[in-house]
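We begin with a single chain expressed as structure tokens, specifically the form predicted on its own.
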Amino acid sequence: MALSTQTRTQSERADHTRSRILDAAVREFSENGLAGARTEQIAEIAGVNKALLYYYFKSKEALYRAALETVAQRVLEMSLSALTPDHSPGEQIVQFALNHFDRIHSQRAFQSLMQQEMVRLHRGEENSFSSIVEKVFRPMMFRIRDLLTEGMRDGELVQADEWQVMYAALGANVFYFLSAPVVGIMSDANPLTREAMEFRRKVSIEFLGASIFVDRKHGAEVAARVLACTPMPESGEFKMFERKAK
């Protein structure tokens, strides 16, 4: 029997409320961690009372796990959407690398939560890191590995260890953001302004096009095409540096 209009409306309202709570929780947990986050603040941001928060999520820890899974699922969907079967394996890998760069700079809540989970893992504390690896990182990495294998077999990509190519393509993005404080001090400039990030994502993709393709002209064309079709997403500058460049 079909649900009544009233039942559907109540269900939709409940889903909307739960979504607001999760969005608020992602923000609060990413900024303050599990220990420092306040459920009162989450309820206030979500526009609900604290009792309703606990109606949907039985504990602070349950809310944290749900928030982590929510943002992880968003990242997975965003990442896999870059892999379009109508493009060659090489082009999909270049697109994925660009998507990875954009994800680091635009999905900062996920980056913060992952860092917190890694710290908890190293301390031997209860954590959700293994679950996120299985749900997010494993399917992404295996898909990229399969594309690399296909591209090398078909002669589009240079013969190399698949993991080394992944380290080179994605590790460079991670290092750029992790090393930003050191580079900022050395250069007396903020490498995480929008202008600086636009330049870095461009040259990193151009380098990838020149390094992993057998035909460098083809690789350059792929890099140019991917960059032209993928503008950098909007996001405020990182507040890592307050000092202005001289």
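In case it trips you up, residue 1 is the first one in the sequence shown, and so on. If you're wondering where the values come from, they're calculated on a predicted model, not measured in any experiment. Just so we're on the same page, rigid core means the largest C-alpha set that superposes within 1.5 Å between forms.
What follows is about the form predicted in complex with another copy of the chain, which we do not show.
- Site residues 79, 194 and 228 are none of them in contact with another copy of the chain in the model of the complex, judged by any heavy atom within 4.5 Å.
- Between another copy of the chain and the residues 70, 49, 41, 32, the one pair within 4.5 Å by heavy atoms in the model of the complex involves 32.
- When another copy of the chain is considered in the model of the complex, only one residue from 45, 183, 62, 220 comes within 4.5 Å through any heavy atom, namely 183.
- Although the partner is absent here, residue 83 lies well away from another copy of the chain in the model of the complex, with no heavy atom inside 4.5 Å.
- Contact annotation: residue 56 falls outside 4.5 Å of another copy of the chain in the model of the complex, judged by heavy atom distances.
- Although the partner is absent here, residue 75 lies well away from another copy of the chain in the model of the complex, with no heavy atom inside 4.5 Å.
- At the 4.5 Å threshold, heavy atoms of residue 176 reach another copy of the chain in the model of the complex.
- Residues of 209 to 231 that come within 4.5 Å of another copy of the chain in the model of the complex, judged by any heavy atom, are 210, 211, 212, 213, 214, 216 in sequence order.
- Shown in the overlay between this form and the one not shown, fitted on the rigid core, is a CA shift at residue 98 smaller than 2 Å.
- Once you line up the core between this form and the one not shown, the Cα of residue 112 ends up 2 Å or more from where it was.
- Comparing the forms between this form and the one not shown on their rigid core, the Cα displacement of residue 180 stays under 2 Å.
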